[in-house]
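Only one chain is given next, in structure tokens, and it is the form predicted alone.
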Amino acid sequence: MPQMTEERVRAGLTQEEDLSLLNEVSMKTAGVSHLEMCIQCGSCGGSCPSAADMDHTPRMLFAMLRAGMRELVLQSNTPWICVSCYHCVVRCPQEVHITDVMYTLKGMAIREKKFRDAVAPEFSETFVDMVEKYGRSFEFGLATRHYLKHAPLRLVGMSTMGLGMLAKGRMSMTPRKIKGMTQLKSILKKAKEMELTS
């Protein structure tokens, strides 16, 4: 049985390892995740700019995966707080593709409806919808839709920044499609087909 450190006890890691969840996440992660290679060194959490807002550090989340704690892993806010900066991946001595694993966990949480708060999944789905429609993010539409639904009063406070971005040409009020939409749609279609067979 793994050593019972205070951190493991706080996270409820009192059971024997059950690698079925870890293997499932590893198989669903694009490329080779190296997830099983995690040595629990903590470099990921130590280099993460948003770790303070996570309910579990990536290291703890990976220990929970090893323990088969599906519900707690998929309800964790950690994957949603990840900003995809890849600092953790660069510093990981085992070359674990931590950010890619976070994307996998987000997808699993959405499919199984295990997330605690719908704000982040809905933001993610809106972003993906816009990329599928335009080939890129449409910041004005994304922010407007998100804040109107989840925090309408914050729109007032953000108006000065938004107007400044519009004035400097950093943001547009109308979406623009990329040139290669046909190719992008083919790529996305193939990716969805591959996801269904995995």
Partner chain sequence: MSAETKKPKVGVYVCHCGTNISHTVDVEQVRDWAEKTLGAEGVVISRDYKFMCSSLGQELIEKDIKEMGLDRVVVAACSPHLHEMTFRGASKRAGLNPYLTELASIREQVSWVHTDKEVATEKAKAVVAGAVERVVQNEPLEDIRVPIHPDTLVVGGGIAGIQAALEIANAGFKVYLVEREPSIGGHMAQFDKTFPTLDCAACILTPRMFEAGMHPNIELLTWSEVTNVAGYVGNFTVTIKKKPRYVIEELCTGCGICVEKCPKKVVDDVYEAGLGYRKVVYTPFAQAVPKYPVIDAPNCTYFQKGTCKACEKFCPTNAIDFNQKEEFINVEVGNIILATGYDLFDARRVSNYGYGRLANVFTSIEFERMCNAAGPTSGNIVLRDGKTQPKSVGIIHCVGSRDKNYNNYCSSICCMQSLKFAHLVKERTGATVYDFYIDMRTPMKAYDEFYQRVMDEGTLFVRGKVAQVTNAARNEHEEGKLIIQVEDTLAGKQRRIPVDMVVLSTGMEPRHDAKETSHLFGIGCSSDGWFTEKHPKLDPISTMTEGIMIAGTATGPKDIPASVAQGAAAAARVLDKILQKEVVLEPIKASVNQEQCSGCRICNGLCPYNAILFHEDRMVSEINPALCQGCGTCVAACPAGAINGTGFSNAQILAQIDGLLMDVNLAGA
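Fair warning: this is a prediction, and the values are worked out from it, not measured in the lab. Residue numbers count along the first chain shown, from 1.
Another form, the form predicted together with its partner chain, is not on view; read the next lines as being about it.
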item	value
All of 41, 48 and 90 with a heavy atom within 4.5 Å of its partner chain in the predicted bound form	yes
is_contact(residue 75, its partner chain) in the predicted bound form, heavy atom dist at most 4.5 Å	no
Its partner chain contact in the predicted bound form: residue 112, any heavy atom under 4.5 Å	no
Partner proximity in the predicted bound form: residue 64 to its partner chain, non-hydrogen atom cutoff 4.5 Å	no
Partner contact for residue 60 in the predicted bound form: its partner chain, 4.5 angstroms, heavy atom	yes
Residues in 22 to 38 close to its partner chain in the predicted bound form, defined by a heavy atom within 4.5 Å, in order	37
